[in-house]
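Only one chain is shown below, in structure tokens, and it's the form predicted alone.
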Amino acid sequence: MSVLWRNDPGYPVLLAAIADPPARLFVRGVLPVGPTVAVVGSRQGTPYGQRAAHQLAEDLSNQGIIVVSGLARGIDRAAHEGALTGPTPTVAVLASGLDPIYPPEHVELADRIAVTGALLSEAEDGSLPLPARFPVRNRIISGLSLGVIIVEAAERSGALITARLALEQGREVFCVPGSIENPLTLGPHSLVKDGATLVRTVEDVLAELPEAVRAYARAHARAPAPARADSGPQEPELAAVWELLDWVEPRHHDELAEQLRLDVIEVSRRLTLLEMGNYIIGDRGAVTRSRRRLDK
């Protein structure tokens, strides 16, 4: 671990420009250099929200854009995982100290991030993840970034605090739309009404960034494998389950068992095979379809 002081040459230029930059940053790994965009959202993110965060982060990484997030559960984790799928390092900003890692189940993820990217904190090792530290941490996430993408956030949430801080810092705010029935879309939809940019693809993000960043992205772009949005499994027993699934609305194991007139054990077996084939995404007993990718 190293300490980066505000007057050090490697201190992030964007972060130094905010009204209250940290006097020092504790760093594990190597802080990457390049354009940065934050992807943040709810710790209770839905499968749809986690897919959206993962895909946007992966696409940003494929354009050479460094993804910044907070290593939290839900949307933040999906963003880091998506960024790690691409070639560009990702940066995690913690509210606690860098040792021990919080949340504890993200130790392995933190290790993977530090291999090519960096873990950052304003707090010393051993500092607890107290509630008051998270809004303070959020100013660093937005301060490091040219813009912040909000993926699922309740009306009162840390992600919306990050969006407000981004606006105060003169950064772009982007929002992923979602179902009007989902309370976690109230925050992003309100921001869009107030002028935030609605995001469907990475191109919507790049279009709002400076031309120099767009040129950088074009120069560093790596084409992703094409998506196969309509290809289901060929095996009849798996196809029978696949046909009952949706891209957005999760289906529960017991609901599928009732529709197929099978016991839950058999349905779980088939779902396991579908998940191994990357046909579905599972989340706490519910599943949705996954957009598979062709091998290059």
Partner chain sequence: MQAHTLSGTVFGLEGMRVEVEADIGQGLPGFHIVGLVDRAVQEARERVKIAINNSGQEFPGQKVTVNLAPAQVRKEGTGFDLAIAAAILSCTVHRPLPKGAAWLGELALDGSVRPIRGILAISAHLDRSGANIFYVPPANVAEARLATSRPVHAVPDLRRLVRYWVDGEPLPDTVLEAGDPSPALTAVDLADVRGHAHAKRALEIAAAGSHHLLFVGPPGSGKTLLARALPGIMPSLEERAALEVTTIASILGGLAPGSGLITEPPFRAPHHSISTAGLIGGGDNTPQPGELSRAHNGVLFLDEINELRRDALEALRQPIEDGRLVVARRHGHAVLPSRFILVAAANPCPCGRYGDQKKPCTCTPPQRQRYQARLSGPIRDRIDLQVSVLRQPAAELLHHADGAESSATVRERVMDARARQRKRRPDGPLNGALTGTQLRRDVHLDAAGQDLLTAAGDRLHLSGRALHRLLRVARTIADLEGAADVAAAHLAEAVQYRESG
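Computed from a predicted model, the values in this text were never measured in an experiment. Residue numbers count along the first chain shown, from 1. Just so we're on the same page, rigid core means the largest C-alpha set that superposes within 1.5 Å between forms.
The same protein has a further form, the form predicted together with the partner chain, not shown here; the description that follows concerns it.
J.: Please determine whether each residue of H253, V264 and L271 possesses a non-hydrogen atom within 4.5 angstroms of the partner chain in the model of the complex.
T.: Yes, the whole candidate spot contacts the partner chain.
J.: Choose one stretch from 107-115, 176-184, 136-144, 86-94: the one whose residues place a heavy atom within 4.5 angstroms of the partner chain in the model of the complex.
T.: Answer to the contact question: 176-184.
J.: According to a 4.5 angstroms non-hydrogen atom cut-off, is R164 in contact with the partner chain in the model of the complex?
T.: No, R164 is distant from the partner.
J.: Is there a heavy atom of M276 lying 4.5 Å or less from a heavy atom of the partner chain in the model of the complex?
T.: Yes, M276 is a contact residue.
J.: Taking the shortest heavy atom distance, is G285 within 4.5 Å of the partner chain in the model of the complex?
T.: Flag for G285 set to yes.
J.: Taking any heavy atom pair closer than or equal to 4.5 Å as contact, tell me whether H220 reaches the partner chain in the model of the complex.
T.: Looking in the model of the complex, residue contacts with the partner chain do not include H220, since no heavy atom lies within 4.5 Å.
J.: So the partner chain isn't shown here. In the model of the complex, which residue out of V30, L260, L244, V248 has a non-hydrogen atom within 4.5 Å of it?
T.: Of V30, L260, L244, V248, the residue with a heavy atom within 4.5 Å of the partner chain in the model of the complex is V248.
J.: For the heavy atom contacts within 4.5 Å of the partner chain in the model of the complex, list the residues of 18-43 involved, in sequence order.
T.: Read in sequence order, the lone residue that approaches the partner chain (within 4.5 Å, in the model of the complex) is R43.
J.: Is L238 one of the residues whose C-alpha moves 2 Å or more between the shown form and the other one after the core fit?
T.: L238 C-alpha, core-superposed: shift of 2 Å or more.
J.: Is it true that G277 shifts between the shown form and the other one by 2 Å or more at the Cα, once the core is aligned?
T.: Moves: yes, 2 Å or greater.
J.: Look at V30 and decide if its Cα position differs by 2 Å or more between the shown form and the other one after superposing on the rigid core.
T.: No: V30 shifts by under 2 Å between the shown form and the other one.
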